[in-house]
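Provided below as structure tokens are two forms of one protein chain, presented individually as structure 1 and structure 2.
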Structure 1
């Protein structure tokens, strides 16, 4: 058969695609457990950092133990979304039936390039941001990807959420009329839309979460 004939070309492409596709699948399959463990480790570490938990060590078990000991994870299903909620369980909180620890939830939304997911931790009255950490994002390294840098994340600690303002400006990332506003943090740079995308997803999820949480806070489904 001639090398440039249509049947040969099609047969060759099919054969080589099947061969290399199988190869990649085998590599993926053989590392599946490692990838899952890494994912769990990253999740626990992110939650531990977001809640500023005491962690005895830097390995996966230490982060898992810290999260298990100090944070209760629940589900808050609503019509629009199944929220993943975290609540800090300190000794002081456990002795009281009414007091709550810091509340966190997983926020998510579309960044410039890909989905952005993270954990935001709020004070029990949902008025103040305690911390913010990212679980995943696909923003440009060195540009939008700078949302992961400590100087940016540390700005969120202690930021007041302006619940009395319009829904899209309760948290401001970037410029504002009042540069010293208690609900504002600096953007990473004006050269990317990542800060704007992050601000929009945070304001939207904060609004929706508060509504869902206040309506259903006594019916949180504890994770098994």
Structure 2
């Protein structure tokens, strides 16, 4: 068969497609369990850092054990969303007026390039941000990607949520009339879009979560 004939070209293309398609499928299948384990480890590590948990080691089992011992995960379904809720079950804040430990939930929204998801931890009365960590984002490395750097994340520790202000300004990332406002953190220089997107998703999810939590906190469905 001539190599420039149509049957030869089609047969060659089919053979190449089948070869590489089979290879990709085999790689995907053989690494599926490993990817799932790595994803679970990243999730546990993010939760452990967000709640500042004591972790006896640096491997996957250590982070899993810390989360299992100190944090209870629940579901809070509403008409608009099925919230993932975390509650610290040990070392609750002594000054709290409730019997609850710190409360966290997964926030999410559209960044400049892709979905941003993270865990935000609040005081039991939902008035103060304890910590914030990211599960995933696709922002530009060196610009918006700096949202996961310690200097940026540490700004959120102790920030007061201005629940008495309009919904879009309860947390401020960037400039404000009062640069020392208790509900403000610095934005990332050169990444205005990411900072603005993060501020919008946090304010939106804080508002919706507080409403859902206060309406349904006694009926949280404990995850099995």
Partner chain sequence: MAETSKSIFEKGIWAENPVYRQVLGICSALAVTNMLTNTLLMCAGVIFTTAMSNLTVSILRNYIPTRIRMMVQVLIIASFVMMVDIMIRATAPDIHRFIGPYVGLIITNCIIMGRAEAFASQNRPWPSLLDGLATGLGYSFVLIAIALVREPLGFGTILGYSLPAKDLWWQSWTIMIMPPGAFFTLGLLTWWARAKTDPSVKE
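Positions refer to the first chain, counted from 1. Rigid core: the largest C-alpha set superposing within 1.5 Å between the two forms. As the structure is a prediction and not an experimental result, all values here were calculated from the model.
Of the two forms shown, the form predicted in complex with its partner chain is structure 1. Annotation: Cα of residue 190 displaced by at least 2 Å between structures 1 and 2, core superposition. After superposition on the rigid core, displacement of the C-alpha of residue 17 between structures 1 and 2 amounts to 2 Å or more.
Here the rigid core is superposed, and residue 6 then shows its C-alpha moved by 6.0 angstrom between structures 1 and 2.
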